[in-house]
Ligand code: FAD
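Let's start with one chain on its own, the form predicted on its own, as structure tokens.
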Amino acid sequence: MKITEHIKKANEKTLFSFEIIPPKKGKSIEDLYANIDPLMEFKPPFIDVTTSREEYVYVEKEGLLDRKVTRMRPGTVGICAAIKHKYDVDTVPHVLCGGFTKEETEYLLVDCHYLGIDNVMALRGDAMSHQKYFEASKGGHQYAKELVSQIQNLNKGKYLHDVIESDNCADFCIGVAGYPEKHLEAPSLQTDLKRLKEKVDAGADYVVTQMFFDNKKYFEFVEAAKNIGITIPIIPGIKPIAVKKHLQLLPQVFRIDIPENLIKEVDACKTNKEVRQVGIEFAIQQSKELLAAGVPVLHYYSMGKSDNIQAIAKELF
């Protein structure tokens, strides 16, 4: 079922969902299941699965270092299929511009269609570690709106090199990212909202926001989006603070603000166990306010560990 259909079926009741990251190569999928299992009691209608960009590694060869391209966390579509089969839940693979040609994207989407995956999250992706700014892969997309257009074309039977009339066309529901505090590369929030509108006009069906800690910024973002004609669901993305270094890391990586009261509470903690509890309690209060406002879904970034998400969900769902 499409995400938009899940939201409509819920009849204004807020849904619970979460995002996971694939295990590193060589790790068992059972570890992933162990983190998903405790969250299934809250009946998530869908689970997002991230896609990692390629990375460079250096391999010694005859006394010289040879640069190779690898993916540390492959298997997004396979994991989506496994989770869908094991838990009978919809899965949402993240589809990136970065690291993929348009042809590779088409093959991935065809695989998703055959597997009965109805939803995809269309993202530009980040710059590689050696790049200052994002650079499109040769033969790939530069912007997420282009990726959305390709997916929509496939929904109409328009492949890259063929137009195929069929009763079995894909019909993907397309999610895109939104940034309540603007994308780190955007010169202004208004400019960033225009980019979001372009993705919506290209065919996006719903938005999931980057993490934020100040609900006011989410509410203002939703209102500003409506004012420029964005009427699709905007799902808030929530990440509980888990370790002390998040105070520096999250603002640095995502260009987001952390409220002073949360900073003070985290600073007062003597251990990361205490920090994790502070993060849980803050996220519960944050989520309750969003729940009262009638958001369509509360979407949590689990980052591979689910105990804190479970503790939050127990208080809400």
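Numbers follow the displayed sequence, beginning with 1. Values in this document were obtained by computation on a predicted structure and should not be read as measured data.
Below, we refer to the form predicted in complex with the ligand, which is not included among the displayed structures.
- In the model of the complex, no heavy atom of residue 214 sits within 4.5 Å of the ligand.
- With a 4.5 Å cutoff on heavy atoms, residue 137 does not count as touching the ligand in the model of the complex; it lies far away.
- Though the partner is left out of this view, residue 122 does reach within 4.5 Å of the ligand in the model of the complex, counting heavy atoms only.
- Using a 4.5 angstroms limit between non-hydrogen atoms, residue 218 is distant from the ligand in the model of the complex.
- The candidate site formed by 244, 263 and 282 is entirely out of contact with the ligand in the model of the complex, as no residue has a non-hydrogen atom within 4.5 angstroms of it.
- Contact with the ligand, judged by heavy atoms within 4.5 Å in the model of the complex, is confined among 81-89, 191-199, 222-230, 112-120 to 191-199.
- Annotation for 167-182: interface residues with the ligand in the model of the complex are 177, 178, 179 [heavy atom within 4.5 Å].
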